[in-house]
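Two forms, one protein chain; C-alpha cells for each follow separately as structure 1 and structure 2.
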Structure 1
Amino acid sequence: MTSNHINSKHLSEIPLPLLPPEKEVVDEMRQHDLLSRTDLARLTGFSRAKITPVVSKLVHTGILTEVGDGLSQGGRRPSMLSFNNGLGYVAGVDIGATSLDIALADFGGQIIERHSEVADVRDGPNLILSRVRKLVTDMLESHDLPHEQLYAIGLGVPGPVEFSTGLLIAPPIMPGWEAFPIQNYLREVFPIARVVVDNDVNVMALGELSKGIGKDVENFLFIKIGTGIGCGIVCNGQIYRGINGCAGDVGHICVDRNGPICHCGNTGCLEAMAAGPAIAARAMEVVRASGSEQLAKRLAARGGTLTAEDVGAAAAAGDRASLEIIQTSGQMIGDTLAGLVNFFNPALILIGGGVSNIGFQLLSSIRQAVLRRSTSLSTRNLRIDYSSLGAEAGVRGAIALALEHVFIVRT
C-alpha cells in the first residue's frame, strides 16, 4: 500500500526550527482544517498585513496548501489554507502496565495503522522497546514509508518521568526502566525521529486536549484510576508539569493520617486507600467477614484472589457490599478532588484508567463528594465525566505529544 501523500514535500526539505511568527501560524493551522488569512490574523493576533507574507512563505515551502475559496463575508470570497498533513509521519506509543498500544499517524494526527497487544512492562525496557522498534518498523514498511519519514515518536509510560531528559525516575512498577535511555534506544533505528517521553496520565490528558472532550477547554484535570491514581493537568491549554515534571501526583495526597502504609512510605495516601488494590483488599475483608455471597463465589472461582473488576461485576449484579466498596473509593477520590477544585478551579475533570469502569456509582460518588466539599463558586461551571476517548486516550495523546515536538529544533 502506498502513501496518500506521495506528491507532497517532506519535512526534511524544510529548514527547522520554525520561528515566530511562522510557528504561531503553523500551530493554528494544525488545530484547524481550513483557515483564511483573515482567520489566521484573528487567531494569532498578528495584523493581516503581517500574516500575508508569512503565509506566502509557508505555502512556498510546502507546509501550507491553498485549497480554493471559502464562504464570502460580503466581499471577495477568501482563499482558504490547509496544513499539509503529508509532510511526514509520527508514531504514538502507549506503554501500560500490561499492554502495548502503538499507532502510526500523519502530521494531521490521522491514524494510518494501529496495533494493540498484551505486554508486561516488568519485562524491562530492552524487551518492550525492541518490540516497539519492530512494530513501528513493520507499520512503516507496510505503507512503503522509509524510516526517514518518521519525524517523531511520542511515548506514554506508567511511571514518573523527568520530562526534560525523557528518563524514568524511581518508577514503582517498572523494574529495570530507571534512567534507561529510551530516546537513544529508539533513535538507533529511527535516526531522525525526535523521541518524547511523558508519564501516561499526562499523555492521556493531552489526548483529550487534542482529540477529545478537552479540545477547547483551557483548564482541566484528567484523573487516571488504576493500580495507582494519577492526574494530568491542563493549564491554559497546555500540559502543566511543574518544576520537577511530577505535577499531578495526587495519588500520594493524604486522605487519612491513620490509614494504611503506602509504598511511598507515608500513611493514608489516596492511592493506598482508593485505587484498584485497595478496592480488592476491601473485597477480601468483606468475604472474610462473610459479608457477600457474590464476592465469596467469585473468590472461589478465581482461586483465592479478587480484583477491582470482580467488585465492579458483583456490584452490577446487585451486590450491596460491592456497591458500598465502590462508593467508598469514589468518595475518597471525590474528597481529594474537592480540595483540588478549590485550588485549581478547573472547567472539567475527566475520569479514566482501568479501574474507572467498575460502575457508574464510582463517578456519581466522586461527583457528590466534589459538590458537597468544594466552594459553590468553584463548581458553578464544573463538569465531571468519564474520559471521552476511553482506552484510546493514551495512544491519541502519544501522537499529539509527537506532533507537538515535530517543529521544535531537534536535540
Structure 2
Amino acid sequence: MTSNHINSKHLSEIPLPLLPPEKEVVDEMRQHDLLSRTDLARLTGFSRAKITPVVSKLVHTGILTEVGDGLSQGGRRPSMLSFNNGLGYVAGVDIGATSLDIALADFGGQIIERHSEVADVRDGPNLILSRVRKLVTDMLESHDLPHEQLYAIGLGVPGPVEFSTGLLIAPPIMPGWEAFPIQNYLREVFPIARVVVDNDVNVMALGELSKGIGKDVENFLFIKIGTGIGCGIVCNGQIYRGINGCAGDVGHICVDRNGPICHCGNTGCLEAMAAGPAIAARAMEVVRASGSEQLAKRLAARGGTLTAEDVGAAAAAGDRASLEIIQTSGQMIGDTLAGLVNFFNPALILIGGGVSNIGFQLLSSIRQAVLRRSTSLSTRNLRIDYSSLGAEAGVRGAIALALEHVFIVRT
C-alpha cells in the first residue's frame, strides 16, 4: 500500500471535529504534497502568529507530519509539512443507472483497491446497497484493515438528493429509493464512517475539480449524458447545490412541449429527447423505416435491441442516419447549454457519462449549438470538451466527497 505511516496515530485517537482554522489548514495540506508554515500562511491568509499554534496542534495530534527541510529562499531552510495519509481510509461509491463502481482510498486520495461491475439501480436499495457493504468489507479485509479505520463513505446516485439529509427525493429512474435511509443502512456495518450522499453528476464534477482539468478552474459545468442528463455546477471553486440540493437538473428543461412523456411526468424534457434511451429509440425508428443497413445489422446481432453505443459505432463506420441522430441530440443539448452559458458564463463545460463515448460528432454538435446560440462575450473564453477523467470521474469524485467530510468543522 502507498499510505503514509510516518505517524502511528489513527483518527480515532484525535479530538474531532476540528476548529475552523485547523480545518482550513488541513484542506490546504490535502491539496498539496509538501508545504512549509510560510506556504500555509500565504495560502490561508493567516498571520505567522496565527498559523504557528494551529500547525503545532495538528503536528502534535498526528494529522500533519514534519518531513525534513525544504529549499532555502535566502534564509534558514524551512521545515516542510505533509498530510498524514495513513490516519485512515475512505470509500468512494459511484452508483449509476446500470453500473456500480467502488474504490477504497487513503487520506491522500490514493486508490488502494477498486472494483466495477454491472448493476441495475431499478433492483432497489436493499440489493444494491447490500452489495456495496459486501464489496467495501471485502476490500478492507483484503488489506487487513478494521472497519473502525473507515472514516467516511462518499456515494453518488443517479437521482435528486436532498443533500442535508442524504435522502433521494422522487428519483425518476430509481423505484424504491425515495427517502430510503442510505446513511443509516451503511452505518449498520461501518459505524464510524460518515456517509455523504450526493447526486452523481455533482460527484463527477467534484472528481474533475479535485483530480481533473477542472482543478484550477473556478467556474465550470459538468454535463453527464447517459440514461439521463444532469449538470454539476462548480461556482467559485465549490460545488453549487442550491437551497435543497437539486441545482443543475437540466435534463428536465423542456425543449419541445409536444415531445414524448418523460420519467418525471412532463413532456418534451431534454432527457426524454436527447439522452441514451432517446438516441436508441430514434435508431429503432430508423431501422423500422429501412433507413440504415448498419443499424439493421446491429439490431439483428443484438437480438432485437439497440443502444446509443450502437448508434455511435454505426456513425463511426460512416452511417449517415446514425450521424444525423447524434447531431440532433447534440444540437438539443447544445441549445439548452447555450442558455446556461448566457446565464452563468462558465470558463469550461465538460461532457461525461456513458453516452459521451459515442464519438466526437456529439461533442462537435454540442459545441456548434452553444456557439451559435450564446452571446459572443459569454463564449470568448469558453472551452467545451470531454471529461478528462472519463469513467474515473464518478469514483474519484466520491472519494473527494468522503474526504471533504472526514474533518467536520465545529459550529
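Definition used throughout: the rigid core is the maximal C-alpha set that superposes within 1.5 Å between two forms. Here, residue number means position along structure 1's sequence, counting from 1. Just so we're clear, the structure is a prediction, and the values are computed from it rather than from any experiment.
Structure 1 or 2, which would you say is the form predicted on its own? Pick structure 2 here.
So that I can tell if G304 moves, could you say whether its C-alpha shifts by at least 2 Å between the two structures after the core superposition? Yes, because once the rigid core is superposed, the C-alpha of G304 moves 2 Å or more between the two structures.
Answer yes if the CA of N219 moves 2 Å or more between the two structures after aligning the rigid core, and no otherwise. Comparing forms between the two structures, the N219 CA shifts below 2 Å.
Residue shift check between the two structures, rigid core fit, T267 Cα at least 2 Å: Yes; T267 is a residue whose C-alpha shifts (by 2 Å or more) between the two structures when the cores are overlaid.
Core-fitted comparison between the two structures - CA shift at N258, Å: N258 C-alpha displacement between the two structures, core-aligned: 3.3 Å.
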